[in-house]
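Encoded as structure tokens, the following chain is the form predicted alone, with no partner shown.
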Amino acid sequence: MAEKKFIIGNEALGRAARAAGARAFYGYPITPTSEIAHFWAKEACSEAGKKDNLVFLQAEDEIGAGFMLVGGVLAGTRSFTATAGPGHILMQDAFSMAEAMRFPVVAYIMQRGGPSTSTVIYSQQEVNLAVFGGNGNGYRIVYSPATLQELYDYGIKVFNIAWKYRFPTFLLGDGYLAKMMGEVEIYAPEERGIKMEPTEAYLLEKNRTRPLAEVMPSPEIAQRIAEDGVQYDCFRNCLNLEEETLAVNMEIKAAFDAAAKDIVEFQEYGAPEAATLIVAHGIVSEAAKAAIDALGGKSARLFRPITLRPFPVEELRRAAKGAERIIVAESADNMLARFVKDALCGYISRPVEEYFRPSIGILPSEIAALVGK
């Protein structure tokens, strides 16, 4: 039965993973995400955790943790990790492999200030890394939650999306949300009519409900069926020819583009006729809502991309069509704004106004002042 708890954001994420049926956590502690690992370690040692065979494994570093995560997925275990900043950078090798071979790895990423180790507190500066990290084309799914409740809601959803579409799926929060305390409604997915996608092994020579040939790029998999009916597979992500690499990229792109229209999410807030359109994501979008309310609700409105990848391009174009001003506010330098400018290039004639505050929070009063200029 659903119940409300007064908890910090990281605990909301740990509880979300538990509710989503996750069985294994592979990671390395790093502020501001460490309480997610703490929660899972405690859960795995509990009587309920032992009964459910939960796994908690702290790797020697984030490189090891990333590939343990890939291994868990290959074995058909609903697995996840949590990281931030420098740890997020180190995991890109494993995430890139998951992108290439369409492994549904799940990561909770709570952004901290950059560049490099910098501060452990807050920023929105890991957007580019989450969306386009690695040497591929960014065929990942990235959600940007804005509230403690959304940490829980999307903390469950990312597992379903990852296993349904078989792409790496990330929840990209921030240090403020990770450490903030508040009321969160905890529920089981079935209470909300949410049917969880099943997991199944990529390896271990099992017959599968969903044939891997429907998921993995064709040059990366060779299969044969033995006389006993068991399917044997050989995987490779090291390709010999440019033509094979081209085929892999085009097959991944086709699958991603087909799924994108079902995945993309956005939110609009405020009066549709308001002349000023604010574009913000994550916790900054909540500041924008407060600013809109403080201004009376009619002078400005919000467009909030919930998925940063795939980005809601067509939806933003429709929202921007009648706007006299467009302001992008973010705790980074031209990360969200770059997506906005790419989406609106050729569709609006006025320049996008920028409010960039890398690694520091943005208050409602700051946004209200921008609108009032």
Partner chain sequence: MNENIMDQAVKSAFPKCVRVDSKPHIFCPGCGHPEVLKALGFAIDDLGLQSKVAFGVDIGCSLLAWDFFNLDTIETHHGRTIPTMVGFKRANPAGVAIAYVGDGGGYAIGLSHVINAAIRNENILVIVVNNAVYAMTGGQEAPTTLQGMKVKTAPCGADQYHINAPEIIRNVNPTAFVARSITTIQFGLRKMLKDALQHQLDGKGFAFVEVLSQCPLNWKTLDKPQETFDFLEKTLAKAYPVKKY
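Residue numbers count along the first chain shown, from 1. Everything numeric in this text was worked out from a predicted model, so none of it was measured.
One more form of this protein, predicted in complex with its partner chain, exists but is not displayed; see below.
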Would A130, N137 and A254 all count as contacting its partner chain in the model of the complex, using a 4.5 Å heavy atom cut-off?
-> no
From the list Q267, Q149, N249, N237, which entry has a heavy atom within 4.5 Å of its partner chain in the model of the complex?
-> N237
Of T199, Q231, N160, T119, which one comes within 4.5 Å of its partner chain in the model of the complex, counting heavy atoms only?
-> Q231
Interface membership of E242, its partner chain in the model of the complex, 4.5 Å heavy atom rule = no
Applying a 4.5 Å heavy atom distance criterion, does F103 contact its partner chain in the model of the complex?
-> yes
Is E220 close enough to touch its partner chain in the model of the complex, meaning at least one heavy atom pair within 4.5 Å?
-> yes
Heavy atoms within 4.5 Å of its partner chain in the model of the complex: does A41 have any?
-> no
Would you mind picking out the stretch of 340-348, 31-39, 48-56, 300-308 that comes within 4.5 angstroms of its partner chain in the model of the complex, counting non-hydrogen atoms?
-> 48-56
Taking only heavy atoms into account, state which residues of 64-87 are within 4.5 Å of its partner chain in the model of the complex, ordered by sequence.
-> G64, F67, M68, V70, G71, G72, L74, A75, T77
